[in-house]
Structures are given as structure tokens and as C-alpha cells.
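First, one chain by itself in C-alpha cells, the form predicted on its own.
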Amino acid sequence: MLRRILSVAAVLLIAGAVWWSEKITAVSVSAGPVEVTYWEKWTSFEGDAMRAVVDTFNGKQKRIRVKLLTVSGIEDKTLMATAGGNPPDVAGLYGPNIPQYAEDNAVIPLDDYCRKYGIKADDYIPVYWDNGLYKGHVYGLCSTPETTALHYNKRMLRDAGLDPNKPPATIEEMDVISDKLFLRGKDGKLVRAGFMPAEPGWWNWGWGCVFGGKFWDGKARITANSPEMVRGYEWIRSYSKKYGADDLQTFRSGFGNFSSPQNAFLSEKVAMELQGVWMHNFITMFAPKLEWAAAPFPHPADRPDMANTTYTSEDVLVIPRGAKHPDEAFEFIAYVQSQEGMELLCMGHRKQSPLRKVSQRFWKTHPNPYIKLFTDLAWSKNALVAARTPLWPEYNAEMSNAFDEVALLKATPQAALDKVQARMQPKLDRLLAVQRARGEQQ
């Protein structure tokens, strides 16, 4: 009898221990915050700005803790991590990555989350909302936006007898000013340039768009060799023929790193340059005494409809497919989209906000004297974006190769762009055939 009582007591004791153990475990799990892993590419002051946003979000509530990790080569590593089944909860990609990631089913659509949190297209300057779309669905939301403008050296223009407060309005005017500013040393080598299409070289794929060209019709036809595209590349060739392709290449090879005082624009080796809103940061850091200004990039004289052309892009936040905590991840993304979160981040980057609603404090305290110019340019009907297609990485490379061939006088613009057309059209045809086979609407 005693043995049976002890046996029952032992069973009850064990059961109680198990119950209490599970209770303790459950309490400890539910009591702790959900850790959201966030991969981002930024370092230096840009990374610090996002860290301030993360810290503010973490401090506002106790349910979620965002862990920010800096990851180089983020677009490739996020794709590999997603394919391997171990992605971060949030990833900070580039706007042009969206079509490829969406097509590969590597990121989840955010439409339902946007509806839940009241995030809608009307909250944004249109181009920044549209950059996160693919086939009508939201796959990414903006973190920081970008536009470009002509940056020019006021002192160099003044020393050449030009009005430093009257930047060129047309391509032709810019070419004339550029001629006056080009300078060779006694040995005949270039020591100063007015403008160079190859500097800084980040938009070599897009010069045809300044002349009205488009990458494709948005449906089924690549338009790399359209007359407008060819005209843009003829303009590129005009600089190589005028100043010498080898001379320009040799001159440019002597430029220092972009993020340094030896930057071509900062060291006053190049007087006029297409650059983004971020350029103010590097002027402040490396050339604070530089006399500079920014203005809309010039348009062809016979194409006034192309005025206020600007290249736009943005950094985007996405939720990779297979993320462990998508709900909590989007709660953080939603905070970044709020006016508070967005202005904290964009002020830290010294960029404009992508939102329509901006506080007066943001405008009054922003250090970039041309911040409203960059904001206004985003509203332009000529706000250019990379082609929204999964083929963009290949297309970009092909257009950049064509630029090099033309700039080095190795091919005519027509021949170089015909080659791009011949290579890219079959790839688009195959992509569309696969999408049709999947029953997707074009």
C-alpha cells in the first residue's frame, strides 16, 4: 500500500515538475521581446542615422527588438540567405532590386500590411511609391530617396568670365561652358575639365534618356536603339572626338576616390558634374570652402519637354520570403514610413523625404541648401528610373558596355546600341514567354 502511495506521489511530483517547467518556459518566451533581424548596407553616418531610427523604435515599445546588422553586398547575400531558408526579417535593398526579387519569389508582397497600417500611395511622392511596385503589388517601401542635379563650381565659372549664378539651361549651353573650362598643361595633357559624361560614371546607362529615350515600351519591346537613345550616345561621342578618348581616359584615371578630398569635383579638376542629393555631405566633409551650387540638369535645346530631367532611385525595405517574424518586421517598417521615423532617417542622411507631408522643422533645419530643389525634381514628369524589369541588371551592364565602346571610339552609337537591342530583346521575349506559361498577365 505504501509503495502504491509513493508511486502515485512520484507520478504527481513529476507531472507537477513538468507543468511548472513548461509554465516557466512559456512565461520566459512570452515575456521577452521578439527579435527582428535587420540587414542593412550602410556604414558611417548613414549607418548611424538608421541606428538612431532603430533605437527610437526599440525605445517606444517592449514587444519587439530590432537588431541592426551591417552587411556588404547585401543584394546578393540576401538572395542567397533567402534561397538557403535563413533570411533576415528585414533587408535594406536598392529600388532596382525589386523586380528581380519579386520575380524570383524572394520577397513577400506587402499590400495587406500596408492596408492594415493605413500606408497608401497618396502618402508619397509618386515616383518613390512606384519604385516599390512590381506587377501592381507592393514589394518594398522607401527608406531614403534620391534625385540628381547638375553640381557646378561657381568660382571656376566666375574666373572664366561667366555668370556663376546662371547655370546652363540646355545641353548646348553646357557644352559651350565646358569648352571654356577645359584646360591642358604645357605638355598637352588635360589638367581640368568642364564636364565629362564619364564622370562619375554612375549613370552611363542612362544618357539616352536625357534626350527623350526609353529603355522599353513597358510591355514587350526593348527600345535601346531608338533615335533618342542614339542621339544621347552621339553626344557622348562628341566629347571623345573633341578632347580625345585616350586623353579623357588618362585624365580620369588620375582622379582620387570618390569619398576623399581627391574626388574630381571636390579637388576642382571637373567644374560641372551630375550628382545626387548626397553630394552635399562629401562637400561638407572634404571641401567645405568649395564655392558650389546645384541646378536642374540641362536639356536639349530642341527638347524643352525634357526640362528638369533627373535620375531617381531609392533604398527600400523588404521582407524576404521565409522571414521568421514578418508581422513584427513590418511594424518596424511602418515606423520608418511614419513622418517621425522618415524625417529622422532622411535628416541623418541629409536627403529629402519621400513623403508628401514634411514638417517645417525639417525644411528649416536641413543642412543642404538645395534640398527643396532635389525634392521638387522628384515631382518632375522627367523623373527617370531604371527599367522596372527583372532583366535590369543585365540591361544595365549592356548599356554601360555600349557607353564604354562609344566613349573609347571603338563603335558608333548606332552599332553599339544595335548590339544591346539584339542581345536584350530575346531575353525579354523568353521572360514574357515564361510569365505567359505561368498564366500571368503582362
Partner chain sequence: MSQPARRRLSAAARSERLTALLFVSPWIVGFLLFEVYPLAMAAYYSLCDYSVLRAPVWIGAMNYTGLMADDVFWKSLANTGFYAALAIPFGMVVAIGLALLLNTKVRGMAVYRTVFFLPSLVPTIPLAVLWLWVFNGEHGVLNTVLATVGVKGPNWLSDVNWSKPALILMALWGAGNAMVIYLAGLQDVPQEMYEAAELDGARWWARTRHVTLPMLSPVILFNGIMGIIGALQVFAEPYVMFPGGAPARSTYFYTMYLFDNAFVYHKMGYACAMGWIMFVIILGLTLLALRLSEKHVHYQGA
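Computed from a prediction, not measured in an experiment: that's the story for all the values here. Positions refer to the first chain, counted from 1.
Omitted from view is the form predicted in complex with its partner chain, to which the following refers.
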Selected contact from 307, 183, 220, 83, since only one has a non-hydrogen atom within 4.5 angstroms of its partner chain in the predicted bound form | 83
Contact assignment for its partner chain in the predicted bound form, among 404, 35, 48, 376, heavy atom within 4.5 Å | 404
Candidate site 146, 234 and 343: all three near its partner chain in the predicted bound form by heavy atom within 4.5 Å | no
Is there any non-hydrogen atom of residue 357 lying within 4.5 Å of its partner chain in the predicted bound form?
-> no
Answer with yes or no whether residue 62 is in contact with its partner chain in the predicted bound form, where contact means some heavy atom within 4.5 Å.
-> no
According to a 4.5 angstroms non-hydrogen atom cut-off, is residue 394 in contact with its partner chain in the predicted bound form?
-> yes
Decide whether residue 104 counts as a contact residue for its partner chain in the predicted bound form under a heavy atom distance cut-off of 4.5 Å.
-> yes
Given that the partner is absent here, state which listed stretch (94-102, 146-154, 165-173, 117-125) has heavy atoms within 4.5 Å of its partner chain in the predicted bound form.
-> 94-102
Relative to its partner chain in the predicted bound form, which residues of 398-427 have a heavy atom no more than 4.5 Å away?
-> 398, 401, 404, 405, 408, 410, 423, 427
